[in-house]
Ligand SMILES: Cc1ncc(C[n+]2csc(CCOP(=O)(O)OP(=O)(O)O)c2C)c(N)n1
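Shown here is one chain on its own, the form predicted on its own, set out as structure tokens.
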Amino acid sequence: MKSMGEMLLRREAFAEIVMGNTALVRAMVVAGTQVVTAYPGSPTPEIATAILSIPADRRPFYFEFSTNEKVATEVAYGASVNGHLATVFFKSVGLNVAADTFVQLSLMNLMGGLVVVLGDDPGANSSQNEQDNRHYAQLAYTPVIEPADPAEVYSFYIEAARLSRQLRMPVILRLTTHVCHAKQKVRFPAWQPPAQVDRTPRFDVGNGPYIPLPFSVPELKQRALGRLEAVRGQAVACGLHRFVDHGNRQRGVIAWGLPFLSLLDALGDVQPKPDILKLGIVYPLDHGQIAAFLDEHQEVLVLEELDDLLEKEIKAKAYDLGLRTKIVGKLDAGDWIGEYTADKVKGILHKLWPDLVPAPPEIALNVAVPDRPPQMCPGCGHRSAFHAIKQALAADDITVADIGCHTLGYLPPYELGQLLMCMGASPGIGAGMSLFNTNRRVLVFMGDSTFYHAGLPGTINALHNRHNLTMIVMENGTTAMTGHQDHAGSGRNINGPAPKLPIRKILEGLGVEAIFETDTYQQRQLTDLVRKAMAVEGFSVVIARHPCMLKFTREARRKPGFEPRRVDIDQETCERIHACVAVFGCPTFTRLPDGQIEINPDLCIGDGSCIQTCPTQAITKPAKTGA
């Protein structure tokens, strides 16, 4: 079997079962993309995995993980105005970070073209919200193309790149979690790489203006609106819309993306099936084709995941045209929330057309399923940190969380981090909590990757305005939450060695005077340092450092002579106080019905961080398992 990298560069036609994220990379290759930038975040990390499967010396485009989504967008924009087809990708909330730059892209002449790949997350599978980024598209006058499956991810990216280059404007390829991660057998056409890649810099101020001053904005905005109309006019010619004719002129459905596939599943053997107009370009809408569909049907359902953007526009256009079609969209509050899976769509169809679609069956669980809360990995340095830090806090101290693996500290048994907003927000929130606060100390958490991503402004603000709070930087040397991508403190990037930017030196350069640091496995020392830091008047920092143990053990297993280790329980010494379970909370420990504690040998990595947490010293030192 050929490797993923070899598959992505194959020249002859072939068919392969791939994820949507993988199909996207093949499309990047075929479309002649020259620059790709990103910041990691689900559901898009597998795009980078596929890119990195191509050996660097054979990769047909430049790729980087940028410091954050805004910078990634700016690097891609710079490449585009220099004449190179560029792509930037990130998750849904990443567009909030990139927004300052993104909303102005449509005003510019993007000579090389720029495709913005968004990983939206209906259902909030891995996000703090399920925001609908089509709102941003309307705000920024940027077209949105939305595929439904991996095959369409491939073909729609090709079309997005073509439109972007032709009209010199940004184009959004909006993916959702199911589309990113769905697998399908995709038939890829043959591809012939160019004999010579033209990377000639083509930036010319004559293609501008590239400085949007107030006097030039009306003209630039008018040009952006004209480009949107050009996309609307090309909607039919692009071939991205599809009419599924069931010969039913009474009922019709307008759908796109995942809801279209769920609609097909939900209809099943239903007869007569409604006609379906599947959209590919969801902004701007092709009013002509939609109006014709409405005019041909007595009743039309707009099957729209998340917000009712298209429903409102379609109803407004129908009113303007004097159409008498009954148009139905959101039926109740539940239709605004979550992914439109087949069961959910079947429920919507039943509410609207109970004579046509039976109610989805209720699935009764006969077995009680215990709760399975998310857990930090065995040996995680964050667990040791939380165990130690909690002992330094008073009951009424305020703790502010940030985005990362350490967000799980909010859960029992640690219960640290009472507020959470977005990446890098903890110093600012903590600063606000510290105002007029003479009795309750404020402690904020931040991961090292987040520190580089968005943590510096809040840190500088705390210093500049003399806020009284302590920041714990949870340093594990990687962007662990999204798949162990390197960051500015790792000493390397995806292309090889890179300058390492130590957090302590950055803090010292900013003027932070009270800096403490230790390994998180040194729990007593960490407890003591947190107490000292919180006694400082003003801004103080504790760097709580330990490698990500999931990454560390994976790398260790690849080395010759590796032998797994694990701790054990001396049952004669154990007094069944259960601090290992109830206070330290490592998932390696299993509490049996009789109160005895066992070690799960499949989970324990033998790191030994738990030994110091046992009041009776019943946990033995790590030993080789002989496995």
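Numbering starts at 1 and runs along the sequence shown. Since the model is a prediction, treat every value here as computed from it, not as a measurement.
Missing here is the form predicted in complex with this ligand; even so, the following discussion is about that form.
- Proximity of residue 170 to this ligand in the predicted complex falls outside the 4.5 Å heavy atom cutoff.
- Contact annotation: residue 481 falls within 4.5 Å of this ligand in the predicted complex, judged by heavy atom distances.
- Taking non-hydrogen atoms only, residue 119 never approaches this ligand to within 4.5 angstroms in the predicted complex.
- The closest heavy atom approach of residue 303 to this ligand in the predicted complex falls outside 4.5 Å.
- Checked against this ligand in the predicted complex, the residues 540, 450, 262, 164 give one hit for a heavy atom within 4.5 Å, which is 450.
- This chain is displayed alone, yet in the predicted complex one of 437, 418, 461, 128 has a heavy atom within 4.5 Å of this ligand; that residue is 128.
- Picking from 386 to 394, 201 to 209, 133 to 141, 89 to 97 the stretch near this ligand in the predicted complex, with a 4.5 Å limit on heavy atoms, gives 89 to 97.
- Residues of 506 to 524 placing a heavy atom within 4.5 Å of this ligand in the predicted complex: none.
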